[in-house]
Structure formats: structure tokens, C-alpha cells
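Consider the single chain below, provided in C-alpha cells and representing the form predicted alone.
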């Protein structure tokens, strides 16, 4: 990571800003956020007091399971002096007809920040977050309330920004020279557990090519990603001098790669079928779709990150990455995971500082000076 001072003009641009998808932020803004996260991580490790948002309330609403992201949100909020509150999305009135805007308005009466995870249904999660933001913003305007209440995407159907930003920071730690020119394989891998969302691979391909990386996306036929994410990946690669390619050959993606990120996601057509089943409330149909997705996954059990494939990588020793939890024995062999256990933990730990950076950048008006004072 560059030790260059943080640009105050860019800090001003991201003050009060929500993060819903990374490609809505400029590369300079993303880089500045990464610098803030880096500085906060360094300061926290040194035991510095970062409680700059005391007595503020940080809600996080989850419509899907989570361990690392819930922990990261709570840890980040607590370090900043905020009170974290985790809300189970199923306990809200959304299922009883309350709109997302109404939910936002209700939470916005008290919240000083709001994280949301809503990732399982294509076309719903990110739009829900935007409606929540509109509800909060409308409430603040109507009441003349000057609070800044940023919305943080803690995973939606399109993107998982706090995860992919954590991945970027870990890559910058691992490769101090930067990721420009590095080959990164983002690959589908077999999973027998459930049809996982598309958002992590989509977020990775939208983000990493913007920094000059040569990103190869690999998946079997039928596991394509959303067009808007593929287009964003190509645009980022073109603008940075990196590259973005798609293949149906996992070996080709691993060949000479410096980094591999093998992770399962659901078949695209069946993920689309979920949309109609979810709207109709047909739980039997949802269960049938899940079974069909896992049955299709089972046709590609050889899509595993194992010792043979790792031997194909750059120097036979690529960095293995995963957002966790990995299906050991399916997505990745026990041996490869054992070798990289510490690496994936260090990767995960950066999420705390990404969330801290997002909240501080949005809410602390003299952030640049405060960071400079940390030394």
C-alpha cells in the first residue's frame, strides 16, 4: 500500500457517501477508501483510540446467514465508539407488507449508519438497499435532521463490497508492489451445500481489473454472471491497462496465475427461477430449485482447487483466497486449505477495517487530520 498522504479533496467527495456497488465509486475514491482502511488497521493494531463516533447507533440488517460480516460490522462499530445493533431481517415487518422505504424511514429515526445483507434473490437485494436509503433520506429531509446515515452493502445480489475491498487490501499487503500485471483466477468451484449467491465473483471481477490486474473468470457452461458485472469488468480492465477474460476451463484459468479465488455460485438460469418463486411465496418451488441447482453442481465435482491445479500456477505457489466458509473437499482440497489457513484469516480480518473506513469516511468531518495525527 502506498504511504502517500490521503487526498483531502477525495475525502470530501466520499463524505456522507453510501457504498452500494463499487463501480459507482471512482477508482480514486476506492483507492482513498483503501488508504483510510489501511491507516485504521495500522492504528488499531498499535492500540490507538479510534472512538470518533461515540454514542452513535450502527444498525445492520441481515436477511441471510452471516458470521464474518456480522462480526466485522460489530467490531468496526465498537472500535469507532458506536453501539452496534444486529437486526434479523425476518423479524422486521417486510414480510407483512412493509416497504423497504418504510423500513428505512423507521430505522432512520434512530440510526447513524445502516448495513444491509440481502443477497439471495436476483433483482431484489440491491434495489431493496436503494429503497431503504431513499426512506432514510426522505425522513432526514422532512424532519430537518442533519445526521449523515450511510448505507453499507453487506452483500446483495450484485456485489459484496466490504468483502471485495477486504480482498483488495489483503492483495496489497501480500503484493506490496501492487496487483498491476498479476494474473488472478476467479473460478467457480463445486459445492454440495447450497446454491450460493453470485455477488462475490461479480464483485471481484468489477473491482480487481480496475487496478491493472489480469483477471480470468472461469466457470462451467450455465454458470455465467450478470451482464452488467461482465461489462463493468471489461470497462475497468480497458481503463487500467489490465485485462478481463472468460473461460470454461479451470486449468486454463489457473495456468501461471499469481492468485486463485475458487468459489461456488448458483446456476444463472435457476437463480432467475428463484425470483418468480420468491415473489409467489412458493416455498416448495424454492426447495425444488435448490435441489436442481445442487444436482447440476454435482456434474462438475472435478472443479476443485487441489494440489494438481495449484501446481499449474505461477511458480506452482499461487496465493489461495476465499471469502469463507469454504467447502473443504469440494471447493478446495484439505491440503491446499491447510497451507493457506493463516492467509485466508488475514484476508478476512481486513473487512473490519473496510467497514471502519466506510463509516469514518462518511461521518467524521476532520478525518484526514485525525488520521494524520495518528502518526
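Numbering follows the first chain given and starts at 1. Computed from a predicted model, the values in this text were never measured in an experiment.
The next section is about a form of this same protein that is not shown, the form predicted together with phosphoric acid mono(formamide)ester.
K.L.:
Which residue, 343, 66, 333, 349, is the contact with phosphoric acid mono(formamide)ester in the predicted complex, using a 4.5 Å heavy atom cutoff?
P.N.:
In short, 66.
K.L.:
Just one of 163, 264, 202, 153 has a heavy atom within 4.5 angstroms of phosphoric acid mono(formamide)ester in the predicted complex, so which one?
P.N.:
By the 4.5 Å criterion, the partner-contacting residue is 163.
K.L.:
Within 4.5 Å of phosphoric acid mono(formamide)ester in the predicted complex, counting heavy atoms only, one of 22 to 30, 49 to 57, 36 to 44, 318 to 326 shows up; tell me which.
P.N.:
Partner-contacting stretch among the options: 318 to 326.
K.L.:
Classify residue 117 as contacting or not contacting phosphoric acid mono(formamide)ester in the predicted complex by the rule of any non-hydrogen atom within 4.5 angstroms, answering yes or no.
P.N.:
Yes.
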